[in-house]
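As structure tokens, one chain now follows by itself in the form predicted alone.
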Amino acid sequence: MEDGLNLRSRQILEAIIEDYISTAEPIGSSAIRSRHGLSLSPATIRNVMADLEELGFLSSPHTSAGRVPTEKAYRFYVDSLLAVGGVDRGEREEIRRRCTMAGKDVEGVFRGVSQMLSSVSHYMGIVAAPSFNSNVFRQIEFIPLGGRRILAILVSQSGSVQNRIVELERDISADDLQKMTNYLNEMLHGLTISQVKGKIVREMEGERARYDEMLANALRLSQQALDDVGEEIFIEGQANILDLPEFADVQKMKDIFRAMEQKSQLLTVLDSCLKAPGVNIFIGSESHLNSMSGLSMITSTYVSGKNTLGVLGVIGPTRMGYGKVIPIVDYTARMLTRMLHVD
């Protein structure tokens, strides 16, 4: 076979992976023979395990005679051995119920879906909201906060809201703020946020802005309000991995939690999923994030017609139950698509 594994090697590798997923304990030859009813001697099984280790599919912990799967083994398992089923009826009902309870505002929906993914999978649930830059601009509002500080509220057609506190160079009356709001809302209506940014730059460079003080101030304010508008990630269930034996090391847990809080590197991985619609599976170092060592991430995109809106998924240990989690993530992505009325 192209992968260098005959049927016997595949059977033993699959048995080791599935046992390790269940137990998190190194697997020995006797355990494989007794649990899976293989008509092979322990010596034969040990020889096959040695061959699998030499090929990079297994490793030997120093404190045990058993073997544990490597990232290469999990990738082979997912690509060649795993039979992915569907979501059972109880889980489908749970997903629908939890999504329905999520709330009507967009943020509430995303937060509720991430909580549901965590609850059903028993790992971490994650939802990346649609990029605000790709949304269509609805309106901007400026609210005085006192002194020379104002709150700029950006609202998209999809209902997403971004807030920014902007420092004024000089005092501006509430009446002038309202005039500036009205002007910007009329000028920018119907553009995407990315197009809005481009138009503001062009208007600032134009002759009119040099001679119209109110317009110049309005453009400067809106540019500050739109500066560094980013994507939002909703992560729930970090505590679910605290009890897993592979994360007993305190420093490792700190690194994982720090990565989840910073989110910027995670966004890079999730953004790459937007270019590959459907289910994506990152096993350990495949995400190219040091903080994801020992973790796998299963994601799926949710869509609007032919346009991909965002990504959701589950983060768990590399020994996660892929056969269970993959259909849950896929089903939830389709459910979120329907919830957002974007079929």
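Small disclaimer: the values here were computed from a predicted structure and weren't measured. Don't overthink the numbering: it's just position in the shown sequence, from 1.
One more form of this protein should be noted, the form predicted together with the DNA, which is absent from this view; the next part is about it.
The DNA is not shown here, but in the model of the complex it comes within 4.5 Å of a heavy atom of I27. In the model of the complex, the DNA sits within 4.5 Å of a heavy atom belonging to R8. Although the partner is absent here, S285 is not a contact residue: none of its heavy atoms lies within 4.5 angstroms of the DNA in the model of the complex. Proximity of M49 to the DNA in the model of the complex: non-hydrogen atoms within 4.5 Å are present.
Across the proposed site, L40, H62 and G66 without exception bring a heavy atom within 4.5 Å of the DNA in the model of the complex.
Stretch-level contact analysis of 28-36, 308-316, 295-303, 275-283 against the DNA in the model of the complex, using heavy atoms and a 4.5 Å limit, identifies 28-36.
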